[in-house]
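One chain comes next, on its own, written out as structure tokens in the form predicted alone.
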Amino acid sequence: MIKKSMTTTRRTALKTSAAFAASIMTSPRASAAEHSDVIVIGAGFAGLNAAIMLADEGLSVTVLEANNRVGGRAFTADHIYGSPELGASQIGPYYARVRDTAQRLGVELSPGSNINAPFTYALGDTLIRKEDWEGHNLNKTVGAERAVLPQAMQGYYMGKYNPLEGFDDWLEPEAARYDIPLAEWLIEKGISEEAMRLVNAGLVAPDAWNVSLLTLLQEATRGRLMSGAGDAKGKDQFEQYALASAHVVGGTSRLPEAMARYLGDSVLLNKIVSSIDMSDGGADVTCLDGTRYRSDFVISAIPFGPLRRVSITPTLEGEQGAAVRHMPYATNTQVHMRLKGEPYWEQDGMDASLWSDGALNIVRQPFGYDGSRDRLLAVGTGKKGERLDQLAPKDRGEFVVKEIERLRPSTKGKIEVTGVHSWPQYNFVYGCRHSYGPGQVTRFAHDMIKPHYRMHFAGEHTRRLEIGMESAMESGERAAFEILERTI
């Protein structure tokens, strides 16, 4: 159990994931249930923030994490060359909760995040420089669209026609008319057939007909209201805020590791929750290994994908139950590579990153925080990612290298695969983020976060006002406040 006080030792951020895993071991537990005031399921930003807030108020908390590491989709891949971020990386300029927690725990932040070389564009087998895009004969977009770079096409329409004005407008009843397919709205706004094709080529969702416009408008509104923080011209959402954002020195994982260290031995790894029983005035949580934990309240801070595999009594019903069963999650599969020899962009004279309308979405060439430029990251999202995930990891890496070499001959013989990662195939996560389908914001957003008997809900999928890492922290804060109100 944890107490309210915080020691200097607990403020110390860990240096590597390996060191952290060695310092927090799965505690041996007796077969009899141990009691806490609150059990938190999931040790990502949402669960850890909720646990810290409750602990600071004097409640005893146990955090059960199914994986052998904390952080959820914040995952610094220390096992891959260059320690790339597999998930969360960008601490936006207005991520107050994330920044305050880092300061409190002594975790160092540094300016800039997710900074990559500009794109060269591959349409079919043809490479196009960004400065040639507007007038190129393969640019079949129409009118003002011609000046919009492919990765910025969706943002162009969002910026021009977004009807939302406030942070929470997307949750108001009148916003329900925008809970429609993105494609339907873009067609209404006059998008050309070719511009729609370019939007689809870069989506995280399966396609523009299978993602709710409303959730995308919320994200665009949140970005716009960060007044002056980003440069939207010709850039996607990550590029816009790269320079205005911050990163965790040593990797994003260092922050959730520090949060877990603050909580001490109350964070238990390798605890796969199999059932939650709230039928007798408390909550009994049983794990796959047979260990049992008892509490007054439970916070589910895991995605709905893994929650579907947990037996819950009384069962989730109505729209809340439907949300857990049917919430779609987006695909993000990655191939990380190391560059050898002379920089290929100096050889062919083009920008080093690549946007493609082919088998890959993008190939980013990152600028290391130490000034290095010896890595590549290929990303497949949406249906492209689903197709790549049909290949075994080794075959996936080989395919990506061949595809890059085919599109960019100057890379031939200069790329070696250092790691492959798929969020849909990663245990206990099953997707890079939730992705409301058309009609699902109106149907699910309000009901799915309501407390269910003694069970409360957190996680980025339950966000209200924020986006990214900050939305996970926000959700954990909300769940903690809900429980504190019930304990007064």
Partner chain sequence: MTYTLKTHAMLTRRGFGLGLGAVASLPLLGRKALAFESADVVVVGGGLAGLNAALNLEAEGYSVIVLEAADYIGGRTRTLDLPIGPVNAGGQTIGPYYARVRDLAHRLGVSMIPAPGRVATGNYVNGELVASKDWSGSKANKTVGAERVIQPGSMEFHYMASNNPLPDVESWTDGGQAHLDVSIARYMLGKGASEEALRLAAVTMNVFDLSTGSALAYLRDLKRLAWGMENTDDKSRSTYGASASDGFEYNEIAGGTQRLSEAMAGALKGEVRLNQPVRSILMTGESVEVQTANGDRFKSKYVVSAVPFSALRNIDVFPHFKGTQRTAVRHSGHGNTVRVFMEYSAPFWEDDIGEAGLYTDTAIERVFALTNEEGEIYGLNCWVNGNAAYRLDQLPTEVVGDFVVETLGKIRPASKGKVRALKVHSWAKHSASGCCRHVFEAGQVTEWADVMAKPHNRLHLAGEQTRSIENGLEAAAKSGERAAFEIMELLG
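All values reported here derive from a predicted model rather than from experimental measurement. Positions refer to the first chain, counted from 1.
This protein has a second form, the form predicted in complex with the partner chain, left out of what is shown; the following refers to that one.
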| field | One stretch from 168-176, 246-254, 370-378, 272-280 that, in the predicted complex, holds residues within 4.5 Å of the partner chain by heavy atom | value | 272-280
| Using 4.5 Å between non-hydrogen atoms, is G190 touching the partner chain in the predicted complex? | no
| the partner chain contact at G82 in the predicted complex, heavy atom, 4.5 Å | no
| field | Interface membership of P306, the partner chain in the predicted complex, 4.5 Å heavy atom rule | value | yes
| task | Answer yes if any heavy atom of I362 is within 4.5 Å of a heavy atom of the partner chain in the predicted complex; otherwise answer no. | result | no
| query | Considering A96, A147, V142, L288, which brings a non-hydrogen atom within 4.5 Å of the partner chain in the predicted complex? | reply | L288
| request: Taking 4.5 Å between heavy atoms as the contact cutoff, choose which of A122, V310, V199, L186 touches the partner chain in the predicted complex. | output: V310
| task | Let me know which residues along 394-408 have a heavy atom within 4.5 Å of the partner chain in the predicted complex, or say none if there are none. | result | F399, R406
